[in-house]
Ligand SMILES: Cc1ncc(COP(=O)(O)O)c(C=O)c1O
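The form predicted on its own is given below as one chain in structure tokens.
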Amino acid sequence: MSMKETDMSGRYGKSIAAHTRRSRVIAGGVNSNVRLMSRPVPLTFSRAHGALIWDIDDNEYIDYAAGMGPTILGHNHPRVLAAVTKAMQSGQCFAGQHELEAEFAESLVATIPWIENIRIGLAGSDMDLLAIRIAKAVTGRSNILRFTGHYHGWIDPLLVGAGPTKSPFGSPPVGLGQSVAAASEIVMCEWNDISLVEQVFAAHQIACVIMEPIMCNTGVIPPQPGFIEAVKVLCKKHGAILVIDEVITGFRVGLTGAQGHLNVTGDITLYAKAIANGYPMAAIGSSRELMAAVGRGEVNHSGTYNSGYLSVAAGVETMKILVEENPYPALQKSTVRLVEGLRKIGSGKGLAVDHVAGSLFQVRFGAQEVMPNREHFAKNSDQPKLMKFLDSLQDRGVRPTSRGLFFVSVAHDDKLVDRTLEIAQAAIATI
């Protein structure tokens, strides 16, 4: 056994044993393929509180993975925990309605000016699928335009390969076992190129365009000035629906999300993650007109666990806190402080920190300028160097996501930000 392997078995011994145990009965030892990327094995966690999380070896981490984005208030926020505990005493799954549904919906509609009707689901994937189903029903068309590097859930037809599309645009690559027929309805092109979008509309009958308003699943890449506005004009001209996927950006880029920040809105909006501070819940919002077919039962949206009592209780309380306490100025301040500190620390090592707005940012090694799309991001991202940096951060007690995305929460105070920067300085010295 090498010295490195000895060090790993010492620091992560219980996680290694737990992963071995799980792998005998759980495929890959994980229940989401994203977690396969963890090192030295997918770690096993025992507890979390505020901005901290502990693995079963009792290693403590400042947590910037934040459940992959949901815990905007930090783990176990006392008000959310109290609301869920109270709800737990009344029940969990009613196969019917409860009053918290209306309370949450009224709060969301009152907060987001462009939403009139919603439906509540479990995850972003569900809402993405419902959005394109609505678009197809309303327009009578089947083709969907989406952008390389964006992510809209793991379900066919929206899960497609991460590789480049046919030039200048075309059908996407698909993964093993995925439906080629379903993927044939998807037209892919690069983000931030309006001329390609125009060509797609000229060549295809498009039901909807779906996008992240700020690309967050491949780096953190903003729309170029006027891009979304131009796409919206094309959608209106051709009778297509514009779907804005705010699963990540919603409630992280301000109370009205990236659309509020950018001052441009879509026809359908999708929310998840930070909507309930870590409890399984998602929502789709649109006009009464576009949601009418769902309400009549003509467009199917079903699910045993949709609007689960505990999750909606968490969602109601999370919304109350975000509206009443307005943590966004403090969140922005902490995030910018961390971003600027990392840029200063990494300036001589090629570390780039991509931040647009709100409480999330991406670290990578490569060109410092703002990336316009997935292709440029891939060419300007030294993955081996990034993995080494992330490993070094983890070994010292800082945990971003496995691809270098950081989510800052209300619980990340100045002391934790300072500690993070100290650790980052020591970690980058190993690069």
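No experiment lies behind these values; they were computed from the predicted model shown. All residue numbers are counted from 1 along the displayed sequence.
We do not show the form predicted in complex with the named molecule, though everything after this point is about it.
Peer 1: Can you tell me whether Ile206 touches the named molecule? I mean in the predicted bound form, with a 4.5 angstroms heavy atom cut-off.
Peer 2: Answer no; every heavy atom of Ile206 is more than 4.5 Å from the named molecule in the predicted bound form.
Peer 1: Determine whether any heavy atom of Ile248 comes within 4.5 Å of a heavy atom of the named molecule in the predicted bound form, and answer yes or no.
Peer 2: Because a heavy atom of Ile248 falls inside 4.5 Å of the named molecule in the predicted bound form, the answer is yes.
Peer 1: Can you check whether Glu212 is within 4.5 Å of the named molecule in the predicted bound form, heavy atom basis?
Peer 2: Taking the distances in the predicted bound form, the answer for Glu212 is yes, it comes within 4.5 Å of the named molecule.
Peer 1: Answer for Gly257 alone: is it within 4.5 Å of the named molecule in the predicted bound form, judged on heavy atom distances?
Peer 2: Judged by the heavy-atom cut-off of 4.5 Å, Gly257 is well away from the named molecule in the predicted bound form.
Peer 1: So which of 289-297, 305-313, 120-128, 344-352 is the stretch with heavy atoms within 4.5 Å of the named molecule in the predicted bound form?
Peer 2: Answer to the contact question: 120-128.
Peer 1: Pick from Asn217, Thr148, Asn143, Thr139: which residue has any heavy atom within 4.5 angstroms of the named molecule in the predicted bound form?
Peer 2: For this set of options, the contacting one is Asn217.
Peer 1: Identify which of Gly153, Gly74, Pro222, Pro327 has a heavy atom within 4.5 Å of the named molecule in the predicted bound form; exactly one of them does.
Peer 2: Answer to the contact question: Gly153.
Peer 1: Which residues within 266-298 place at least one heavy atom within 4.5 Å of the named molecule in the predicted bound form?
Peer 2: The stretch 266-298, when checked against the named molecule in the predicted bound form, contributes only Lys273 at the 4.5 Å heavy-atom cut-off.
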